[in-house]
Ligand code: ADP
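Given as structure tokens, the chain that follows is alone and in the form predicted on its own.
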């Protein structure tokens, strides 16, 4: 089992926070982790490294790779070693309004594949943090190219978060033949316990489960503003960290045979039901 875990979700839903803290949980357990940011904001690794935003793949591509054969690349050309030994890479993207960020993700994953880092590379877990608002082949590259394995969708009870999740489930269904499967949902609720019934109903329709309810916790906001460390490092006894430790354990244990192909709704049914 490769333990290639892809965390999807609409912008602002908390997927980057959850992804970075999952990587930290696994690293603190002694696992060798590769953290792959697939979001043009390129902030997924912000709490994993010292010194702020790292140079992105696209920045390196325009500066170096254009004058150098990709076959000459080495892992050190792409990766930044973060705290706890976590290897980090960010796809990045073009300037707003120019080019396609999805293409940058595809280029980065192809380079990582050429180096053998998505199949072997000595990693126990690879965490992909992927934007889920945009329905295009570039952002679906981990699924389309067969790099993914376990798909996690971060949702809230809000309609647009569920709409994005439904679209992501469509992509999982499309590429199920590549070996990807929907491990389940992670609920980052805005209204606390009141949103649980809606999330449970949504999961039932898709034919999946809610892996974890992530609690609202001031420790998350404090870590995001401080930037220099993850919540796991700053507040290891917080309710948020306990939920992430529980999620991390479930994700390592989940098996493809226990995860049916999702049954997403078409748009007409979605708007009729929600």
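What you are looking at is a predicted structure, and each value in this text was computed from that prediction instead of being measured. Residue numbers count along the first chain shown, from 1.
The next section is about a form of this same protein that is not shown, the form predicted in complex with adenosine-5'-diphosphate.
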Contact segment among 22-30, 210-218, 245-253, 52-60, judged by heavy atoms lying within 4.5 Å of adenosine-5'-diphosphate in the predicted complex: 210-218
adenosine-5'-diphosphate contact in the predicted complex: residue 188, any heavy atom under 4.5 Å: yes
Distance check, residue 260 to adenosine-5'-diphosphate in the predicted complex, heavy atom within 4.5 Å: no
4.5 Å heavy atom contact, residue 233 and adenosine-5'-diphosphate in the predicted complex: no
Residues of stretch 8-22 in contact with adenosine-5'-diphosphate in the predicted complex (4.5 Å, non-hydrogen atom): 10, 11, 12, 13, 14, 15, 16, 17
